[in-house]
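In the block that follows, a single chain appears as structure tokens, in the form predicted alone.
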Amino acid sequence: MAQILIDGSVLSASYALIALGITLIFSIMRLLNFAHGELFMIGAFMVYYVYGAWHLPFVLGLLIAALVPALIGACFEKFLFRRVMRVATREENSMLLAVGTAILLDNVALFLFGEEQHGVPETISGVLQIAGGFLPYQRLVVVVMSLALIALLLGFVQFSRPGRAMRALAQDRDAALLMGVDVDRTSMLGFAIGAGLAGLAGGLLVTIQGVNAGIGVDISIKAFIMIMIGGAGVVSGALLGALVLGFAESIGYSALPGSETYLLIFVALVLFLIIRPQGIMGHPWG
């Protein structure tokens, strides 16, 4: 039982970064970023090369893992999504564009990195024993850094001027525009921060599970599961969704193979959405 709680806490903390990133983008732009998992993958590869292959400091790898996906996200918003969302008459157009960016990044990653699984050495060795369970120090580092990043993001959104602009944009785009908010710049900043969070999550988790060019789809699916559980566009819902999925995986993997665990998770998700389609903390009207 102690090991299940430890593993669930580690997964929940790292998944929260993924869920917060996609929630931030959705709340500001009303757009599901289907390439979110691919941005996670890019962040993981940045740490693999900077820290694992080139033997530079791990912190530098994390910084690059945040900056490269953030730059990609900012470019996507400015040069692709902004124009399509202005001129398109149907929401499906922006959705198809989001799917297209995911396919593009998948194929670029496959061309650049190949199909092989890549791993990196631990930044710190050793194991901590807690109430009969075992927590490797490397996983403890992931938890602590994930919680610190979550706290920084929540503080930024709550107290900084750009954060307040993003919250205003999420609540009412037209009203924010009338109040003098630079909508284009704020949207680009929100997309970049959301993409950077995905990259940071990838950079942290690559030290535990490694990375390959096909991991993006799996991460995107997990991100969608979390926001469907918690409620799309709700920060507290994203955190709750990460907690639920993290512990569901931990409990399932302790007793079942991975494929059976996710079969049960999807069945439970379908039944849950029939009862509460807006998620636990979402509103029926959106």
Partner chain sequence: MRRFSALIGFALFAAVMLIAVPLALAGQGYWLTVLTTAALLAFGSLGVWLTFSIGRINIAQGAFALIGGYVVAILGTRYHVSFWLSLPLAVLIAAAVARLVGWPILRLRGVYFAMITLSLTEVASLAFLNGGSFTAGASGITSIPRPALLSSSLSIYLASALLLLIGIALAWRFAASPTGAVFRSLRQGEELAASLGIDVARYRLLAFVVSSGMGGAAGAMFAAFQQNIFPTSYTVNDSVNFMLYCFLGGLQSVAGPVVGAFLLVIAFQLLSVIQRFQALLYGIFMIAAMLFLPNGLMSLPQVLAARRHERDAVVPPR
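Residue numbers count along the first chain shown, from 1. Values in this document were obtained by computation on a predicted structure and should not be read as measured data.
Just so you know, the form predicted together with the partner chain exists too; it's not on screen, but the next bit is about it.
Looking at 244-252, 65-73, 230-238, 52-60, which one sits within 4.5 Å of the partner chain in the predicted bound form if you count heavy atoms only?
Stretch with heavy atoms near the partner: 230-238.
Using a 4.5 Å heavy atom cut-off, which residue among Ile130, Val108, Ile124, Val144 comes into contact with the partner chain in the predicted bound form?
Of the listed residues, the single hit is Val108.
Answer with one of Val120, Leu97, Leu135, Ala165: the residue that has a non-hydrogen atom within 4.5 Å of the partner chain in the predicted bound form.
The option sitting close enough to the partner is Leu97.
With the partner absent here, would Phe156, Arg185 and Met188 each sit within 4.5 Å of the partner chain in the predicted bound form, counting heavy atoms only?
Checking in the predicted bound form: none of Phe156, Arg185 and Met188 is within 4.5 Å of the partner chain.
With the partner left out here, check for me: in the predicted bound form, does some heavy atom of Gln171 sit within 4.5 Å of the partner chain?
No.
Contact between Asn93 and the partner chain in the predicted bound form at 4.5 Å, heavy atoms?
Result yes; Asn93 sits at the interface with the partner chain in the predicted bound form.
Against the partner chain in the predicted bound form, would Ile208 count as a contact residue? Criterion: heavy atoms within 4.5 Å.
Judged by the heavy-atom cut-off of 4.5 Å, Ile208 is well away from the partner chain in the predicted bound form.
May I ask you to state whether Leu104 is within 4.5 Å of the partner chain in the predicted bound form, using heavy atom distances?
Yes, Leu104 sits close enough to the partner chain in the predicted bound form that at least one of its heavy atoms falls within 4.5 Å.
Taking the partner chain as it sits in the predicted bound form, which residues of 261-281 have a non-hydrogen atom within 4.5 Å of it? Please list them.
Tyr262, Leu263, Phe266, Leu269, Val270, Leu273, Ile274, Pro277, Gln278 sit within 4.5 Å of the partner.
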